[in-house]
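Just the one chain here, laid out as structure tokens, in the form predicted alone.
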Amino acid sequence: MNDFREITPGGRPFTRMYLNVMLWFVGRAVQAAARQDLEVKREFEALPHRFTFALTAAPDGPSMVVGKDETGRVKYLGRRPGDYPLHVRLTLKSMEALFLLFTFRESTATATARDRLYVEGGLPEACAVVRILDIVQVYLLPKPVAKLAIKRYPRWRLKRHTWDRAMVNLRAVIGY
């Protein structure tokens, strides 16, 4: 029986790298959308003062942290949720579940229904975070891909689909 060696799964470096880049960009896009989009602004205004949330993959996968500062402005705070007091933590069961979410093969609603998404914190705040993430995905993705990533594609005016989308993407790239 000692002739068999133990096989451990690989670290999946390319998956981890892809998810880190996606979470970085989505975090910055949330910050940009909070400045550009009125609906995202309203969602954040309804959240408590100095509200902070994280989206992570269990047990030690990639993550992003977004929060409001003391002036109420939304900021992408980085990749370490342990550095901040969190009001809401959205945790996906594994890195593979997060990969399904960010390769847009599964929506947030489907991930929740399939028991891949865990929420720590208040349910109303978690629902607001999911609504914000859905709006940001509509801004970042082309329509055929966004329809896969969210539950229901919104009917927006032309300005919101063109100008606001361009501004959110530009602000996400430059970090403003």
Partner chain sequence: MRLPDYYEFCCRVKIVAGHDALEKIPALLGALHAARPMIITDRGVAGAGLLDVVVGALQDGIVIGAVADEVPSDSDFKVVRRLAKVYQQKDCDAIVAVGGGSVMDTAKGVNILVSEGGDDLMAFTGAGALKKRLKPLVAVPTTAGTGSEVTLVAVIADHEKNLKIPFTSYFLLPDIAVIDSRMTLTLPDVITSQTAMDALCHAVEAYTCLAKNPVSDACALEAISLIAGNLLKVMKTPADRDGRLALATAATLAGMAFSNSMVGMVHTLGHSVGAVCQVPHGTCMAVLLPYGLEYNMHKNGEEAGELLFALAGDAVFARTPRDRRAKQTVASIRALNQDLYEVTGGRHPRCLGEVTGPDGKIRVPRARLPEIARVALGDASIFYNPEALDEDDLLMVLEAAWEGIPLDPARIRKG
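For clarity, every value in this text was computed on a predicted model and none was experimentally measured. Positions refer to the first chain, counted from 1.
As for the form predicted in complex with its partner chain, it is not shown, yet the points below apply to it.
Per the 4.5 Å heavy atom criterion, its partner chain in the model of the complex is contacted by stretch 107 to 115, the sole one of 107 to 115, 63 to 71, 27 to 35, 47 to 55. When contacts are judged by a 4.5 Å heavy atom cut-off, residue 127 counts as touching its partner chain in the model of the complex. When its partner chain is considered in the model of the complex, residue 151 lines it closely, a heavy atom lying within 4.5 Å. In the model of the complex, no heavy atom of residue 145 sits within 4.5 Å of its partner chain. Though the partner is left out of this view, residue 93 does reach within 4.5 Å of its partner chain in the model of the complex, counting heavy atoms only.
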